[in-house]
Each structure stands twice: as structure tokens, then as C-alpha cells.
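Given as C-alpha cells, the chain that follows is alone and in the form predicted alone.
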């Protein structure tokens, strides 16, 4: 995956004349650094912070997550279950993002990094004269643990 992302790396992305690095935004970012690869909802982040003793409102968490995703510090995911989840955006801007495997029973989200669709993308671009910048693929099924319970 490359270099480990630090809070300083992320706060540099956040610095601009229009955005401040508030203590709340910083602790929200810290949750993602401490939980790499996790796909966290606003409620998950709020619970983690409250569990650590931080007094932060859920509305503040939501606003922070939205801003951080607008700034491409976090990647917002919608897996079709009515709950937005966020993860650190560690993607190289020239590379495709990873894909997701969603368990329909327990809700576990796993990542799948192989990009097997490049040939298809080239074919689509040539036939449609459409420049594809990225794609997202989500597979739904049952994780190995839940398959044993079926």
C-alpha cells in the first residue's frame, strides 16, 4: 500500500483559507488512522470517540465526515444499505480504487484489490468514445463465516 498516512499528512490537505483544522476534525481523522482499512459510519466514529471519552456530537461528526470526503481526504461509500461509510482515501489519483465484498448476513465489508476490468474499460472507451476515469465494483454474497451458518 505504500507510505503510512499520518495525521500531519491529512491536516496539510485540510489547510486552506476556507477550512480550519478544528480539534473535532483532527480527532475524527485520527479515528481513521487508528482503524486502517475499516469502513466506518458516522455512528461508528461517534461511538469510538465517545468510548475514548471525547465529548463530540453526532452532528459534528457528520459535518466533519462530509467536509473530509468533499476534500478527498476520506472516500464516501454507499453499499446500498442506507448507511454511508467512510474510509481513508489512500488511492493514487492515477490508479483505480479497490472493490468491495459485502456479506448480506453479517454486513462485513472486505476489500478486493485486483483490477480485472481494465480490458473491459478499454473496450468501452473505444466503442463509446467515453473517457473513463474510475469505476467501483461491489459484490454481494456471504462471507466464509456466514456460509457455514447457511
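Numbering follows the first chain given and starts at 1. Just so you know, these numbers come straight off a predicted model, no measurement behind them. Whichever C-alpha set is largest while still superposing within 1.5 Å between the two forms counts as the rigid core.
The next section is about a form of this same protein that is not shown, the form predicted together with a further copy of the same chain.
In the predicted bound form, which of the listed residues (55, 51, 34, 123) lies with a heavy atom within 4.5 Å of a further copy of the same chain?
-> Contact residue from the list: 123.
Counting non-hydrogen atoms within 4.5 angstroms of a further copy of the same chain in the predicted bound form, say which of 88, 27, 102, 42 makes the cut.
-> Only one option qualifies, and that one is 102.
If you check in the predicted bound form, is residue 19 within 4.5 Å of a further copy of the same chain, heavy atoms only?
-> Result no; residue 19 lies far from a further copy of the same chain in the predicted bound form.
With heavy atoms only and a cut-off of 4.5 Å, decide whether residue 116 touches a further copy of the same chain in the predicted bound form.
-> Residue 116: yes, in contact with a further copy of the same chain in the predicted bound form.
Does residue 63 reach a further copy of the same chain in the predicted bound form if we count a contact as any heavy atom within 4.5 Å?
-> Contact with a further copy of the same chain, no.
Though only this chain appears here, would residue 144 touch a further copy of the same chain in the predicted bound form if you measure heavy atom gaps against 4.5 Å?
-> Within the cut-off, so yes.
Any residue of 116-141 that, in the predicted bound form, places a heavy atom within 4.5 Å of a further copy of the same chain = The stretch 116-141, when checked against a further copy of the same chain in the predicted bound form, contributes 116, 117, 120, 121, 123, 124, 127, 128, 129, 130, 131, 132, 133, 134, 135, 136, 137, 138, 139, 140, 141 at the 4.5 Å heavy-atom cut-off.
Superposing on the rigid core, is the CA of residue 84 displaced by 2 Å or more between the shown form and the other one?
-> Residue 84 C-alpha, core-superposed: shift of less than 2 Å.
Just checking, between the shown form and the other one and with the core aligned, does residue 136 shift 2 Å or more at the CA?
-> True for residue 136: a C-alpha shift of 2 Å or more.
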